[in-house]
Every structure is written in structure tokens, then in C-alpha cells.
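One chain is shown next in C-alpha cells, namely the form predicted on its own.
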């Protein structure tokens, strides 16, 4: 779920080899275009990293070997809040309702666990939504999904949303009996090491 490729750009700057995958061909093309810049750092030891991109599905990372990845950074859609492919891609997670989205994210979690090296980390940014003036905690359900796949929760970083609707345009009406959602969760998970005894982390694991 590389989106516009910001993470890959940072990898290029930081000399980190990377593999970027997205189900939307348009996203992959944008990412490749953004990676086309020339870069001459002051560090003479800088070596251009190997960065690959391909159109694929996070639920089936068939081009990536088992336990070969040091870090996974991903930012899935928040169910069907924004349709990134405008329903042109049937498998697009952003075209699903919350229950179906959570079910498909179970496959994402399992594949992420498979390709990640033991002891390494996964970072996933998730937000929530509201319907009929009531809160829908998508992030909490995704947290549970990744814990069920075997991950240990290392951190829950609260990311403020600085460009909410209230800061850039006026809403119709004058009174509201609900609050704006102005945060996201950046969950940092760790895959247990080989033969690691995880008893002491039981309260940070699947309950």
C-alpha cells in the first residue's frame, strides 16, 4: 500500500533498499515517477539503494520470500471512507465496508508475519470513522487482527490530524452533537524472535 511513494523516497535518501507494492497501478506509476529524482548527498559513502516496485496485493506477497524483510511500513485505507481506485479495482480494500475490510486485513497481517524476519518490526497507520453520529473504532479492530496473527504490540503512537475539515472549510449548520476525529494510531508491532519466550509480553499480545 505504497500510495504516492513517500516511504520509498525516504528509503532512497536513507540508503535503505525497499520493495513497494500497491494494488492500484496508478499509485505504482506515481511512486516510480517520484523516485526519478537525482540525489547527490554530502556523504561520500552514500550508495544508491535497490528500490523495487510492483503492482500486487498485500494479502498475497508472492514475490517476497519468507522472513526476508527487516521492516514493514504500511498505511491501509480506512475501510471504505475514501475509494482510492474509484471502484475500478474489485479487490481494492478501500471499496469494502468495515466488517469485510477487517476480514481482509487478517490476510494482510498473516502475509506480513510471513515475510518479516523474526525480531523485526511492522508499523501500520490506522484511523477511525463515524456513522450516524457514533464512533466506529476501526483501529481497535485492526490492532486485534495483528495481535491474532502473532505480533507483539511495541508502541501505540497517537498521530494528530492537523488538517481536519474544520481547519480548511466551514461545515453547514451551527450545532453538532459529535466531535471531530483528529487523531490516528501508529501501531508498532514486533514479530517474536525464533524460540523467544514471550510469556512476559502476554499483556501486549493477543488476549
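Being a predicted model, the structure only gives us computed values, none of them experimental. Numbering follows the first chain given and starts at 1.
The form predicted together with a small molecule exists for this protein as well; it is not shown, and the discussion that follows is about that form.
No member of the trio 128, 161 and 187 reaches the small molecule in the model of the complex with any non-hydrogen atom inside 4.5 Å.
Heavy atoms within 4.5 Å of the small molecule in the model of the complex map, among the stretches 42-50, 56-64, 152-160, 136-144, onto 56-64 alone. Contact annotation for residue 109: none of its heavy atoms lies within 4.5 Å of the small molecule in the model of the complex. Of the heavy atoms in residue 122, none are within 4.5 Å of the small molecule in the model of the complex. For residue 6, a non-hydrogen atom is located within 4.5 Å of the small molecule in the model of the complex, even though that partner is not displayed.
Of the heavy atoms in residue 69, none are within 4.5 Å of the small molecule in the model of the complex.
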